[in-house]
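First comes one chain, alone, set out as structure tokens in the form predicted on its own.
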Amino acid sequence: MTAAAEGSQPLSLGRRQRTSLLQSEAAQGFALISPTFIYALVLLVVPILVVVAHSFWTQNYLTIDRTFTLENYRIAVTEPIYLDLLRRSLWISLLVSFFTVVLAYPIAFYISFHGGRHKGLWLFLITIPFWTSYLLRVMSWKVILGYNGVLNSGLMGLGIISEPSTALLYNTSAVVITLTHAWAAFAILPIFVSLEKIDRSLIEAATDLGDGPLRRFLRITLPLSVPGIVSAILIVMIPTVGDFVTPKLVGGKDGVMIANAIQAQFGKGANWPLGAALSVTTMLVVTAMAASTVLIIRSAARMAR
């Protein structure tokens, strides 16, 4: 009788422990996020793994040879054409990120500090252009920058040029201008959120201590808004490298980017393994560049303090 009671006691204790474990906040939280986590895992991680696997295979006309090889990566990192396209893509993404943040910061600053009760309206107005198709917005810039476009017509009307210029379209500058406009709202929003989190009493204290507007901005507002700037740069820079629609429509031969080469390999080139190797290589380089950018900005912010 006593032995049976002693044997049942550890069993009941184990059941209580399992019950308490299932009722704990950690277990409930994991049960809550697990469906979403599995969904994200299937949609995000599995495609990446498929691309990585293809990058180690070989294309034999219409069939895939699954023999392990590093030849695709050798081509991706040694062929001059792909290296040139990758360098150009990184340079364009950096330029677009810089100009987008430079243009977005004053807008976000004005809305945050001077928008008053109309902040929501201002943010709403910023998003209106993005109700239209991305392709339509790119085509509108093609009309603006074209040979007989709005900009050329305006410059001729002002007497600045005597005939339409062909230097406005089908080059790197056209790609940078178009992408800067396309991603402007995505830079304004994170900077605005960062500015909204700044304690206004710090600015009031700086004013009481005699700091002028510029000094207050450089010592308080700008350093405290660095997280928003970093977020804006990453939001713009990472997808910009992979854009192939804009370079194809407004870039011409001088504005072609690495994404166009990847799209060509998965399309007309019919060489999926090489396209996959180019994709993985670009992804790794962009990751390294993004991490370096974050470290440089944060280091500069700490030195400025």
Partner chain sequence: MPERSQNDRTMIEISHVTRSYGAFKALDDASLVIREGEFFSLLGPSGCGKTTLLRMIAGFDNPTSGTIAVDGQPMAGIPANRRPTNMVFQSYAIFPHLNVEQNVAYGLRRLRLGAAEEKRRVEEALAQVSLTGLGKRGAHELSGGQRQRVALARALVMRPKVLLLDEPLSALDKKLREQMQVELRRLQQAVGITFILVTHDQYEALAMSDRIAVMFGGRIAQVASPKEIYQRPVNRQVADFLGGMNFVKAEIVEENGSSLVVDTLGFGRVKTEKPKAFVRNGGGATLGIRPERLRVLWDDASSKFEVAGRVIERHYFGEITHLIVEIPGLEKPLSVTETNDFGADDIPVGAPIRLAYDPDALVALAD
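Keep in mind it's a predicted model, so treat the numbers as computed, not measured. Residue numbers count along the first chain shown, from 1.
This protein has a second form, the form predicted together with its partner chain, left out of what is shown; the following refers to that one.
Discussion item. Within 4.5 Å, heavy atoms only: does E196 come near its partner chain in the predicted complex?
Written reply: E196: no contact with its partner chain in the predicted complex.
Item to complete: Spell out, yes or no, whether the shortest heavy atom distance between P223 and its partner chain in the predicted complex is within 4.5 Å.
Response: It does: once its partner chain is placed as it appears in the predicted complex, P223 has a heavy atom within 4.5 Å of it.
Worksheet item: With the cut-off set at 4.5 Å between non-hydrogen atoms, does T207 touch its partner chain in the predicted complex?
Response: Answer yes; at least one heavy atom of T207 falls within 4.5 Å of its partner chain in the predicted complex.
Fill in: its partner chain contact in the predicted complex: G154, any heavy atom under 4.5 Å
It does not: once its partner chain is placed as it appears in the predicted complex, G154 has no heavy atom within 4.5 Å of it.
Worksheet item: Which listed residue (I161, L202, I81, L135) meets the criterion of a heavy atom within 4.5 Å of its partner chain in the predicted complex?
Response: Exactly one residue meets the criterion: L202.
Discussion item. If the cut-off is 4.5 angstroms on heavy atoms, which of these, R219, H181, R88, K142, is the one near its partner chain in the predicted complex?
Written reply: The option sitting close enough to the partner is R219.
Fill in: Location of its partner chain contact in the predicted complex, chosen stretch of 90-98, 207-215, 146-154, 69-77 [non-hydrogen atom, 4.5 Å]
Heavy-atom contact with the partner occurs in 207-215.
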